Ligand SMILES: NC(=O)c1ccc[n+]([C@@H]2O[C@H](COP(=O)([O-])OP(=O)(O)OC[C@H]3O[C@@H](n4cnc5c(N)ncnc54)[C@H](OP(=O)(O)O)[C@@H]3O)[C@@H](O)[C@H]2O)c1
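Next up: a single chain in structure tokens, the form predicted on its own.
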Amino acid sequence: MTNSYSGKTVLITGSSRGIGAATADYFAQKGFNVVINYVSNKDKANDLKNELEFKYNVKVLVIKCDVSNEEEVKAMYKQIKKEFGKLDVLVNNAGIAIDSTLEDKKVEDFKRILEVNLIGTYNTCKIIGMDMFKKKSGSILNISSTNGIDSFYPYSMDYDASKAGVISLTHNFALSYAPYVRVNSIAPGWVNTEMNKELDEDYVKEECKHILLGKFAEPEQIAMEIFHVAVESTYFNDAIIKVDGGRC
């Protein structure tokens, strides 16, 4: 275990499972204090907290917060500052998808996806990012998707639109917070998360034929890239980085 970043703190939204949980684990390995954010998976969030504290001897704070709610985000950030003094890294990972045929898509579902994936990212980038800018220090990493760049799926056009919006936010917040706060985005392709475990086996095999590495990524691989861009690569800024195994 490497504690080279001992004393620093990261907030990872939507971190009770999947990519978020793997990212929390990776940052904790490096010595970061970790803020786990959840909306409904309280037990999983607390189990992860106990695991990280036991394995890595770091401080872990669990906060329930719907990032689409501005007041809840303000309250979350206030709690983080009270506990840790400041926040060094923000990882915007919270996101949902409601796939369906075009005929079955509902406006209320589309709105909810935009609220969580896009407005949620805007809320944290604005509320936390502005404070980072005033302190002249910080790093923000937004999780987009190749769905927002070049791998479009009509079943998830609402999700695709939200992730394209995250890329636009990344550019604008990078401009707004330069030169003190780096704002970047990674765009994963297929990842072996709970969201994708119900995919048809033949469909997965067909998709893997279009990936040069021949397989879906593991959440831990995405977590490594998140840490690399957000923390280690200090000259990345306003970058949108595809992490898709070479999808073609």
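Note that the structure is a prediction, hence the values are computed from the model and not measured. Note that residue numbering begins at 1 and tracks the sequence as displayed.
One more form of this protein, predicted in complex with this ligand, exists but is not displayed; see below.
Proximity of Ile19, Val39 and Ala94 to this ligand in the predicted complex is complete: all three residues have a non-hydrogen atom within 4.5 angstroms. Partner proximity in the predicted complex, defined as non-hydrogen atoms within 4.5 angstroms of this ligand, places exactly one of 129-137, 143-151, 103-111, 170-178 at the interface: 143-151.
Exactly one listed residue, out of Val183, Leu48, Val34, Cys65, brings a non-hydrogen atom to within 4.5 Å of this ligand in the predicted complex: Cys65. Contact between Ile80 and this ligand in the predicted complex is not found at the 4.5 Å heavy atom cutoff.
Mapping the unseen interface onto this chain, Val191 counts among the residues with a heavy atom inside 4.5 Å of this ligand in the predicted complex. In the predicted complex, this ligand lies within 4.5 Å of some heavy atom of Met195. Residue contact with this ligand in the predicted complex: Ile119 places no heavy atom within 4.5 Å of it.
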